[in-house]
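Below you will find one chain, with nothing else, as structure tokens; this is the form predicted on its own, and questions on how it binds or moves follow later.
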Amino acid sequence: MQIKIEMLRCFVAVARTGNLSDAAEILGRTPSALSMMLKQLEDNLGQSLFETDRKNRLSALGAFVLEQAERELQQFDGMVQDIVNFAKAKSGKVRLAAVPSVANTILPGVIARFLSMHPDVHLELWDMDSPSILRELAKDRVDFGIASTQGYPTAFHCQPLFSDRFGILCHRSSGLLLKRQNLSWEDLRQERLIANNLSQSIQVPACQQLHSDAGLRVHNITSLIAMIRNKVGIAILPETTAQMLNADEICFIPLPEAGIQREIELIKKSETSPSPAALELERTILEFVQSRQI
């Protein structure tokens, strides 16, 4: 017969209380059940753990077993608690990547709500463009991403979150603001367009022609905004990018054609089961987006 964890727990309780009755009350067992379990443990060891039948004095073996058993029980109980916490999303780590506009406008509220309910879960957040997020997912470097898969065929599971319309970001001094009600693609041709990867994906001939003629391309969103702020040119970007700026000197104007937008999705691997904490964060994101009616 092997030594079981229940035997050690029984022995520690009896050794610390000095009698079977008090130990039985602590463990919720009967004294006779504890007595039988102690006998099984002693039979396994081949020696007595107590000097007398009153169980109030440990033998040399008993003192050694008590020291070892308490350490192992503490480690075992800690391990069990860790497993329970992980299963109930009370612990663990979640790695999330999102496009910058979502990371700045949506995720602060999501993360605040999530951490209020799961304060011991560790979160790691990266902001990057959609192609980079898909690459990180493929390499298992993030658990899921929030991005757009438009123009990027993928086998990942994609949950639609919201639509994000494209528009013009320009300085508040731009003459385009006077034409915003009747803005045309020709009006935009009179401006210096700062091309970027997001607007490059728009499959509208007039927009593609603007990008073909553009003499300036900026890949970093921070640099792009700095260019607009300093009146270098205009850019075609999603509306959430304008929302994250909170800057009076930059304005958002809808494009001449309605319905030009990107679809923001929650993306994860189809063949991988997320951790309980990741599932809880996913649920929080979906509820937050729905409550905001984005």
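Numbering starts at 1 and runs along the sequence shown. Quick caveat, the model's predicted, so the values are computed rather than measured.
We do not show the form predicted together with another copy of the chain, though everything after this point is about it.
- Taking I83, A112, L178, A155 one by one, only a single residue has any non-hydrogen atom within 4.5 Å of another copy of the chain in the predicted bound form, and it is I83.
- A heavy atom within 4.5 Å of another copy of the chain in the predicted bound form is found for one listed residue only; from E191, E72, D129, E136, this is E72.
- G18 falls outside the set of residues with a heavy atom inside 4.5 Å of another copy of the chain in the predicted bound form.
- Residue contact with another copy of the chain in the predicted bound form: K39 places no heavy atom within 4.5 Å of it.
- By the criterion of a heavy atom within 4.5 Å, Q47 is counted among the residues contacting another copy of the chain in the predicted bound form.
- Looking at A258, you'd find every heavy atom of it more than 4.5 angstroms from another copy of the chain in the predicted bound form.
- Heavy atoms within 4.5 Å of another copy of the chain in the predicted bound form are found in exactly one of 196 to 204, 84 to 92, 220 to 228, 99 to 107, that being 84 to 92.
- Shown here without another copy of the chain, the chain has L45, Q47, E51, R57, S59, A60, L61, F64, V65 in 33 to 67 lying with a heavy atom within 4.5 Å of that partner in the predicted bound form.
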